[in-house]
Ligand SMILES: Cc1ncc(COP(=O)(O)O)c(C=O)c1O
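The form predicted alone is given below as one chain in structure tokens.
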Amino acid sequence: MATAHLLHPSSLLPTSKSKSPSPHHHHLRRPHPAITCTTTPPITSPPLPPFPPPLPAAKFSAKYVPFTSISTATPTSESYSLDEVIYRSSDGGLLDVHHDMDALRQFDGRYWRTLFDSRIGTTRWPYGSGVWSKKEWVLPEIDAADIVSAFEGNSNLFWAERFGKKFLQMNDLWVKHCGISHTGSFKDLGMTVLVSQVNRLRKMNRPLVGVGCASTGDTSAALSAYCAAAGIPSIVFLPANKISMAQLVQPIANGAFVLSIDTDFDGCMRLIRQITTELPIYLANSLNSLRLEGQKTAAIEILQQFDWEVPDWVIVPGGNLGNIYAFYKGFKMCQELGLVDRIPRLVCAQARNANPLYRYYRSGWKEFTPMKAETTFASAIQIGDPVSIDRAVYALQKSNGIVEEATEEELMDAMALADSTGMFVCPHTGVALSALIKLRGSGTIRPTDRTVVVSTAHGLKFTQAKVDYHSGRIPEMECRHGNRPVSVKAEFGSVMDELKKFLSEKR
């Protein structure tokens, strides 16, 4: 069997690394002055923070419990080991991973902050991963040798200074680039956890022949990459002709068995759920709550990158809706264990063509009605019957959250404006930025509020959408921020005329 991780721990020497600079500092650090003679005193760096002492023999653990026992605070005796292959509670509801909080509370918030900070960028296996640096809070009982990791996470928290000042009169706007990851999307954060657990189960001789998912693109890319790294077969159900070629090629390149099915994502989801009840194929969609344990670490990373100061708002694009709950869970664990004293307000942003949560929110949470999702450039969130609807509602209600929507033109315009200030974001980030623009316009988000927009995928996965926008080829869309190339003769005078025209317009 292939090795279970991309870097073998025996090749890694223990090292220490100082904490990353605060995002309040300038991006470019001033170089040290040159040493010009042998008598110049050496330049010394501040001492590295001490690595926290090893954790005592406290037994950290986690288990599956019905999500209703958490959302309603109702005690229950129903629980399952994480080593069981189970996705639903006895009444058919969602499950949630519940950690032994009493064991975690044996260590105060200062200890956990120091421990997590000491692992940033380390080569100690597996703690250099942004996910596994929080191993005790994610999958505490797994052996390090069973972990499948590409050192995902630790993604850039980008100070969107120019976008904020130019378009929103904001000076404290940040974009969490979760798409700067192994396969180019935030899905890596959850898939490293799920595939690691499958790797553990297969070593325990559980009869699992592979891992399967329905996908609009990014989930299949992450699943196929991590399964390939572990030597585990992956099976992917994709809606035919509804994802970008850049997304389709990833599972193919990583050796997944790909079925292109003449239906939408919701149809693919129904089929994979039926298949996994008949065959020993492990379900990798966000119905499986293990993935949310990895995704919640992005919230903890945001706090780390702000030196454990809590932002006022976090805006997350929403499709199947596991991610908004994952962010809530990460922030809430930090509050409950004393790392911070509050959590941010959450915003879930949906495309108008696939906005069942927004409609539910606008009704005052009276009645949820699934919808037939229409085509949207934000294809990864083109979902009309989200699995995690109850999780999302709980997270939003507990965080005094908001749901906002974006039309196709609004999300594409927002994406173009972001790109014009140095970013290169996906259409889903355009949905989140459009929500931000609306909430700033209404005064809900104030100019001084520290706000984080979560970018879920890399813009390079959606180049065709960008090409169509900038060339003005999208029907019934003005593409008002399009930047078309100028055709010009290969003559000095013609080139000079165009350059002078361009420069005069920029004055």
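Numbers follow the displayed sequence, beginning with 1. This one's a predicted model, so the numbers in the text were calculated from it and none came from an experiment.
One more form of this protein exists, namely the form predicted together with the named molecule; it is left out here, but the text below deals with it.
Open site. The named molecule, superposed from its pose in the model of the complex, has no atom within 2.4 Å of any backbone or C-beta atom of the chain shown. In terms of contact with the named molecule in the model of the complex, the residue from D413, D218, E152, E301 that brings a heavy atom within 4.5 Å is D218.
Proximity to the named molecule in the model of the complex, defined as a heavy atom within 4.5 Å, holds among A373, I381, A160, I235 only for I381. The shortest heavy atom separation between K187 and the named molecule in the model of the complex is within 4.5 Å.
Remark: T456 counts among the residues lining the named molecule in the model of the complex, judged by a heavy atom distance of 4.5 Å or less. The named molecule is not shown here, and in the model of the complex it never comes within 4.5 Å of any heavy atom of K296. In the model of the complex, the named molecule lies within 4.5 Å of some heavy atom of N320. Contact with the named molecule in the model of the complex, defined as any heavy atom within 4.5 Å, is confined among 99-107, 68-76, 169-177, 373-381 to 373-381.
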